[in-house]
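Encoded as structure tokens, the following chain is the form predicted alone, with no partner shown.
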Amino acid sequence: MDFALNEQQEMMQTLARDFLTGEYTDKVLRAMAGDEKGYTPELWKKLAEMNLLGLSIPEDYGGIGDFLDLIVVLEEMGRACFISPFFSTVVLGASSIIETGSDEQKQKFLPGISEGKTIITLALAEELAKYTPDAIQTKATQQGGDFVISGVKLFVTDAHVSDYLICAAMTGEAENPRERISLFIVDINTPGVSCKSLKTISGDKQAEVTFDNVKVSGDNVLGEIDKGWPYAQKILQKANVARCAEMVGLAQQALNITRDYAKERIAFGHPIGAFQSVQHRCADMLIDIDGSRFATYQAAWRINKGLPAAREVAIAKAWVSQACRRVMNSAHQVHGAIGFTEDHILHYYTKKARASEFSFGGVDYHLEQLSTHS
């Protein structure tokens, strides 16, 4: 594959970078990290007006571009340490509907996403915090043409501001757990759905969502009954690569901040960037970032082409997670004590990178996945 960006991707990169530079300053980041909602309607509206909320959604449903265009923009959002329901809606919600939805369901939800009128997220993980079918204990019992869902979902991103939740639940009794999972789209205001915000280190908004005998129509099933797990795997592949793109952006900005600090901080009569030990740190950071970017692009390209990508996704998430951790450690070593203070911006990047590392499976999980695809 060609790792260079094409003309449209360069345009989307410039558009996103200019927008975030102007609209999402460090001051705004600090405000959103402490804000209950985590975004403002004004900023969300601007994202819609720029067609960023329609990225990777088919043009027939009001979207623009493909998955690679989305990856380029997510990298820029990582540079800004962007907090908003963008990831949950565009990556998790829209991808779920694109992969599983009927034409009627796509017509109902996708235009609303691209126009900024609908926020959707994925409710998958539970008490075990594993992304495997056997970890799903939420049940959906069929009653006539309806289903009644009961269970608790954890770490549901942006559930508190979502209009709809895509819930994975057991609907069958098959011995193989892969053959008993179904996906449902549930209105957040349906009786029996309750949402409790969870404290996070990174400023991202997550919640515990309880389904207490929640009744949904059979029309709310996404895909086929008992055949939802293969769809969930495809969604998780996209989610992991998207997280990698964000981490590449986080790491790149950490390097930029560190480089600028090394030029300005004077020690023993010289900028600390003049010392070889600091130069070596920055060089190692750059090598890790370039490798992470290429691994991410490789996995994203295979997904975009509809090719098998499980191996490449596992490689990307495992490598980028470890590389990003090394980059953040080096950034703090160069900054010294100032990098650990709340007044400095670096800690937001470090915390978000650490949270992203464990999002949708940590290093050990993906190394284990890699062993099954080698």
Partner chain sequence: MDFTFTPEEEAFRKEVAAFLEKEVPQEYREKRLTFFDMSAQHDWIQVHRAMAEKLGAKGWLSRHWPREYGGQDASPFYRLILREELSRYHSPGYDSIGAGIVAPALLLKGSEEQKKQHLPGIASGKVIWCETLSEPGHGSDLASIEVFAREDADCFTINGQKIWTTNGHFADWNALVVRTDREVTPKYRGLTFFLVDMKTPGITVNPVINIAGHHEFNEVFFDDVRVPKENIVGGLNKGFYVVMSLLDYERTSDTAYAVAGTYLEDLAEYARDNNLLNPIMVNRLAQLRADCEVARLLHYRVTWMQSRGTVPNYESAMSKMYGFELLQRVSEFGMELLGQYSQLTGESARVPMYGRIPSCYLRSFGHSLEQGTSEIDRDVIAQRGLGLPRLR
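None of these values were measured; they are calculated from a predicted model. Positions refer to the first chain, counted from 1.
The same protein also exists as the form predicted together with the partner chain; that form is not shown, yet it is the one meant from here on.
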| item | value |
| --- | --- |
| Single option in 283, 267, 135, 174 placed near the partner chain in the predicted complex, where near means a heavy atom within 4.5 Å | 267 |
| Sole residue of 236, 225, 154, 195 within 4.5 Å of the partner chain in the predicted complex, by heavy atom | 154 |
| The partner chain in the predicted complex: contacting segment from 53 to 61, 331 to 339, 306 to 314, 38 to 46, heavy atom within 4.5 Å | 331 to 339 |
| Proximity of residue 287 to the partner chain in the predicted complex, heavy atoms at 4.5 Å | no |
| is_contact(residue 208, the partner chain) in the predicted complex, heavy atom dist at most 4.5 Å | yes |
| 4.5 Å heavy atom contact, residue 277 and the partner chain in the predicted complex | yes |
| Proximity of residue 142 to the partner chain in the predicted complex, heavy atoms at 4.5 Å | no |
| Within 4.5 Å of the partner chain in the predicted complex, all of 28, 33 and 162 (non-hydrogen atom) | no |
